[in-house]
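Quick setup: one chain, the form predicted on its own, written in structure tokens, and binding and motion questions come after.
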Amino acid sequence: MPFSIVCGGFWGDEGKGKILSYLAISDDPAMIARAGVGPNAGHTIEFEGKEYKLRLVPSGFINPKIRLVIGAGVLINPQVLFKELEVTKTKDRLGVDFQSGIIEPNHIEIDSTDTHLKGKIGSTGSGCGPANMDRVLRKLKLARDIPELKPYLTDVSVEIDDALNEGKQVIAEGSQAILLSLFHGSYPYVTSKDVSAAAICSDLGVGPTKVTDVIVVLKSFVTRVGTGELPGELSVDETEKRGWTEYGAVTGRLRRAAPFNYDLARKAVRLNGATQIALTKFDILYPDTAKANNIDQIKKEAKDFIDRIEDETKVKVSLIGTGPSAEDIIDLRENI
């Protein structure tokens, strides 16, 4: 059965939470496994009229049958996690890898006050960078050291391997995006580790030969929070005029915006080894497609945009987001 990876293709904010929540409903996988840096990335899920902004609990929680796990490569802020467990009511089905790193108050203090991290790089202040520094120095506390996490501890690598060997479907949930990768992104304005599809495998303890699909999520325009390059960046006034104004799910900061960038899309496909593209915020670019669920509802101009993305990247667009809710999507996977 498939092991699929969902990861970001630009600088984050692509709508991975929406895509993952849709897949949780449509595909009914046995497990969704959270990878990435930690609580410095927020995934927004809208389902049945409710909105959730999650930083650690996997986005597929809306399907009550799914086992939810957080990989060893992910940093945990226990206070954030416990709050999300209450909101999502998922205490009975969440597992945390015993080797996940722990963010402590001193990490948050450094991240929020350091002139380089906060001032120059524009860190979210969530403590992830300093915690990863301590991990490299081999002095970071792990989940196995925290009594309050004992009920949730598991070996995520073993759980995923067992599920795949039993013929069950597993989806890996990436966070951040490839242009924020410590190795492949717009350094130094990047996150504190690699966040590519390959890194997602490492975070979860899954060998690369297990991967059957890599779905790279691209937004119909490009946004970025904080400092660093953004080719084709629009003014705040122009962004507002186009209806592209957004705010970060974790920081609340205004997102800078630019038109869709084909060069960056090709880079995202190459670095992640993408087999599919999920295209989000399509209804923002083409308002007449709002809440469409069938490709036949899309006019020629919008179809031409999809065709060009496929021509430029040599990868098929398999999912098209046409609204904020998990149900607002066009699923083209049968055509691939």
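Computed from a predicted structure; not experimentally measured. Numbers for residues come from their place in the sequence shown, where the first is 1.
Beyond the structure shown, there is the form predicted together with inosinic acid, which is absent from this document and is the topic of what follows.
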Legend entry - Partner contact for S126 in the model of the complex: inosinic acid, 4.5 angstroms, heavy atom: yes
Inset, instruction - Using a 4.5 Å heavy atom cut-off, state whether S100 contacts inosinic acid in the model of the complex. - result: no
Inset, instruction - Considering only heavy atoms, tell me if N272 and inosinic acid come within 4.5 Å of each other in the model of the complex. - result: no
Legend entry - in the model of the complex, V206 touching inosinic acid (heavy atom, 4.5 Å): no
Inset, instruction - Could you check which residue among V190, A265, A72, A258 gets a heavy atom within 4.5 Å of inosinic acid in the model of the complex? - result: V190
Inset, instruction - State the residue from L164, I121, L81, L94 whose non-hydrogen atoms include one within 4.5 Å of inosinic acid in the model of the complex. - result: I121
Legend entry - Region of this chain that lies against inosinic acid in the model of the complex, out of 225 to 233, 81 to 89, 206 to 214, 143 to 151 [heavy atom, 4.5 Å]: 225 to 233
Legend entry - inosinic acid in the model of the complex reached by all of G12, N40 and L180, non-hydrogen atom within 4.5 Å: yes
